[in-house]
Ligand SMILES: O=C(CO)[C@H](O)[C@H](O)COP(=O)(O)O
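Consider the single chain below, provided in structure tokens and representing the form predicted alone.
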């Protein structure tokens, strides 16, 4: 368990443009799942409530892998806020589905240190156990950073899984409900959401953040249980543990609760609902400076007084940022357990029928969709990576396979075909395992091509180049097959870790802070 000493330091809070807005004094700590601090100004203020407090789980496992570059740190640096201790460094932390990872980079993108922690299972399966594990992993990762690097950290950003959220009491810091995980569905709330949201809106999915909020509201909030409750996304909550300001989120995480990134505001249909008072009032661009690190955290881990905490993003967006696919027409395909595509587009595209939605990405849009086909079915059929690699060496990627499969791990597809009853198609199976694998790899490549074609049909920019992330990026035979099927250049992304993308956001936040202070 990480101790939380009380703090009485002053903190600067920055706007989305980085301008200094106001100073706050942090209130003393109270025992709870999280620190109790003075909340940001909110639209509504309600008396504190009690109840719904959940037990804490075990801390994350102490086993960790820390990797540091054996070379010396590059000389110089400068810019980006200039924390004490030499070359300014930028810390990104990724909270994925099974563990957390950090990446510490310099301005040129060189990695100075990285490490990871696994989560411990939540005690009794309770949600509060997950929150306890995340918190433990966060502070353990801070402790894993080599002490010599810590004074040089200029800024910090964190990404979390999309649509993972918590309900927190903004006056006590208590966890009132959740965490509601990214893959949890709340079909009980879907009719109410569909009744107020536009047709085919991103929130019209039982696993959306808004459905999770509405489900809790209908069972606990509407009867007077909301009080001073506030909704926090996973990365919002973890960043809050570092800076101590309520009510701040980013527009990538807020998308699935209904935030409109084009208007840079919550839509009127959402604000008309009684539960809208739980929404984060300050939604900022990812990588915007929020506040300096809390004094107690800073002193315990040897961070600079100038180290600033910046808004985060979702894990998939952070992974895209890591690949550095810049400009409309550039895309990243992630070949993990599933096949996920993300494309930089000049036009925004949203269609809940296919699970297609757009994130704002600076001056463009990041349009994405995900198929259930992918690495999971490959492991089901062929076992481990070594066997896949051996069979792949027997495939001629220049020759098209005549086999036509739709390789799903189980019934149901979402993108580029929306059919919950679609069954896997894995017949006929040839005698040769290499021929069978050739057909499977080519069929997944056709699904990928159909996905990009669908995005184009819906109005997105046509794909011009594809970078590859995930385990499938290591298979050169598959890369060659995909390049032939897609008809555009396909190559492996140099960086694929979401933590690296979060570190790039931290760098952006440090630059915004420096620019604001200079003006």
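Remember, predicted model here, so these are calculated numbers, not experimental data. Positions refer to the first chain, counted from 1. In this text, the rigid core denotes the largest set of C-alpha atoms whose superposition between the two forms falls within 1.5 Å.
Below, we turn to the form predicted together with the ligand, even though it does not appear here.
With the ligand left out of view, the stretch that reaches within 4.5 Å of it through heavy atoms in the predicted complex is, among 160-168, 300-308, 186-194, 346-354, 160-168. Comment: the ligand is not present in this chain, but in the predicted complex one of 106, 315, 442, 114 has a heavy atom within 4.5 Å of it, namely 315. Just one of 97, 268, 432, 219 comes within 4.5 Å of the ligand in the predicted complex, counting any heavy atom, and that one is 97. Remark: residue 438 does not count among the residues lining the ligand in the predicted complex, judged by a heavy atom distance of 4.5 Å or less. Residue contact check for residue 276: none of its heavy atoms lie within 4.5 Å of the ligand in the predicted complex. In the predicted complex, residue 370 approaches the ligand with a heavy atom inside 4.5 Å. At the 4.5 Å threshold, heavy atoms of residue 200 stay clear of the ligand in the predicted complex, well away from it.
Although the partner is absent from the chain shown here, 182, 256 and 359 each have a heavy atom within 4.5 Å of the ligand in the predicted complex.
Using a 4.5 Å cut-off on any heavy atom, the one residue of 406-436 that reaches the ligand in the predicted complex is 414.
Once you line up the core between this form and the one not shown, the Cα of residue 106 stays within less than 2 Å of where it was. Residue 339 shows a C-alpha shift of 2 Å or greater between this form and the one not shown [criterion: core-superposed Cα displacement of 2 Å]. A displacement of less than 2 angstroms separates the C-alpha positions of residue 315 between this form and the one not shown, with the rigid core held in common.
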